[in-house]
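Shown next are two forms of a single protein chain, provided one at a time as structure tokens under the names structure 1 and structure 2.
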Structure 1
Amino acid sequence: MARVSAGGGASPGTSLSVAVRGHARGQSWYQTPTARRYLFGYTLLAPAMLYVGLLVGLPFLFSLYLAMSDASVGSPVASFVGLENFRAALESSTFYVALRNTLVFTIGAGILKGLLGTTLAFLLIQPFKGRKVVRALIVIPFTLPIAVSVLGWKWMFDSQFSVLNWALSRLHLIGGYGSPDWPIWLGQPGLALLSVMFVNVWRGFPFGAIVLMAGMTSVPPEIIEAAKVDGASFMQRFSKVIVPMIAPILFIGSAFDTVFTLSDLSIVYLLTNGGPDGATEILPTLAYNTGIKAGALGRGAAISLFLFPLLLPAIVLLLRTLRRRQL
């Protein structure tokens, strides 16, 4: 008799035994129903695997090759140096400053985007006039070309003509231009890091709101009403009913946001290029400045690969948690 798994279907051992029996009766292995089913599935997966291999796998292998060589701009020959570039990065104080800024930037922006995205999602699912227009306008920060939006913020953060400082001075929260409390947003170390983080949050939190809103609208209203009847408060309904039901969507959205934030080169490069005095230097900008601007391709590639051990545990944890919830 065929063994049946807990899910109601044949177990992998059963499928293999069916394929073996079919082969034993004179059928070719590829003519059995099981083999054809697997072949059909792998055929559908082949374009995606090819895409990932060409656009992700090959660049990653090439980065490993560069990181283990003394490749530089203008040099046609590169020699193998092993882990020398990684050792040089770990011995540099600039690397640890960039690593600290990267962690602060990623974690701080992620928390703010989560809070703002959740609040905005709850507001957007409420019925009010013009809701469709507001939903369309809210995605503008995420859809604008990043160079255009960041250059606009750079003007607003200007040390002399900042519209933010003008508004704060009109509200009598700060003094006029030249006063001791006049903030220089991109010129003071603490303010510069907060400024680039704020622009990243402004650009990214609409994506989180849309993902969360899509998940909340998929929850059946009957379940929410039943929780209300049982006396569950708003926070209890959100944490005990909504979040468990939309957890897969939240995990995937969190994974995407972590990857995008951790590898965000454009905002920091266009606003401060890592300044002032390395206060906003993160690993992507350090790798770019070292590998492209300074011409040390090997060292730049080695620095960029330090993003991998930062991303891998977070992504693995999210995917394992998601898999555990689906079992």
Structure 2
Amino acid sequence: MARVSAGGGASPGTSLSVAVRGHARGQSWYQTPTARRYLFGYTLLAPAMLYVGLLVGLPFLFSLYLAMSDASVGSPVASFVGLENFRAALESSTFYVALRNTLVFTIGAGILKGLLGTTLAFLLIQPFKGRKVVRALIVIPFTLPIAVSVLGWKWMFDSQFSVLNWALSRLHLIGGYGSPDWPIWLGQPGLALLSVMFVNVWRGFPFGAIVLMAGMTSVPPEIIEAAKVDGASFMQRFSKVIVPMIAPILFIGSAFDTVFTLSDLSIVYLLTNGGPDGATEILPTLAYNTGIKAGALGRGAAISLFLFPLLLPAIVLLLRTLRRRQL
């Protein structure tokens, strides 16, 4: 406690006596060390708060307003149209396709990332020679800027010169170029959705593994030993000891991944731009194409706001985990 009062009473010119707490005789409230510290603190905090408030908070509110207006890129004056944009979205079949694809994409890719990430984490947590090098190589997909690696995949999914098809063909798993079973990854509806999901999984699985490993190394080995001594099997140790202990980190990791997957536009935009025939259209691409490309800002804002209820569970989960951790 001495630390607290000494830190508080240390403004220049103020007596440093530890007894000074709150009001000293003859001082106005704003001259007390505590008040000065608060003033100093909030002054330091102001620039960041203002920046984030003005460019995240206000725009968010502004997007609610835009979504209820007929604003467009061409006409600067917008009029209030109520929930018209939301109604229009709910009445168009493209919206439902995009919503369905978004859910399939996020959930499907999430499950795959979880499975691959867990397997990888269990392999990487073992002590073995060359572990650091292997780890550095395996996180490459996550560390490459997303637009960069998606371009690489676009080339690997090329309709004719796909290196994947070349390999499959040489292994006699598919026929030659032009034969009916030659897959056109980004051109066939089902395959296209699988392909964009695959690229998301490819980018995300190292992240899952690293988060899981960070969690597992934070579990003290004595606890696992104690469980072993008590006769807990491997699966029991995993589900009864490790998982509960690393749950907060798992929540945070999956919340982040969900937010980034739901809101990421670059994979779909660069690989298929929603095609063929809307087979890979997701809410982010629909919002971009409606709001910016077609210039219907109000419509676009309304579509992107439909993402919010989908994001909310992840954000709430994260918030609760972080707050519990502070206590």
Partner chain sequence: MAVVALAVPRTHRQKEIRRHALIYLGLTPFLLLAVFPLFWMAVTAIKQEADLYRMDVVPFWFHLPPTWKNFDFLFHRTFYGDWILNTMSISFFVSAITLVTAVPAGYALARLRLPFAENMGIGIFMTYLVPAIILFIPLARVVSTLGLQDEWWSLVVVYPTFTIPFCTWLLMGFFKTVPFEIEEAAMLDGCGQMGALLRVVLPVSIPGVITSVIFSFTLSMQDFLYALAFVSISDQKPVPLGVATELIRGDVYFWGSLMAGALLVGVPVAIVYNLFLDRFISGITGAAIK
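Numbers follow structure 1, counted from its first residue as 1. Heads up, when I say rigid core I mean the largest set of C-alphas that superpose within 1.5 Å between the two forms. Bear in mind the structure is a predicted one, so any value in this text is a computation, not a measurement.
- Assignment of forms: the chain in structure 2 is the form predicted in complex with the partner chain, the chain in structure 1 is not.
- The Cα position of residue 46 differs by 2 Å or more between structure 1 and structure 2 after fitting on the rigid core.
- Core-aligned CA deviation for residue 307 between structure 1 and structure 2: less than 2 Å.
- A movement of the C-alpha atom of residue 56 reaching 2 angstroms or beyond is seen between structure 1 and structure 2 when the two forms are aligned on their rigid core.
- On the core-superposed pair, the CA position of residue 316 changes by 2.9 Å between structure 1 and structure 2.
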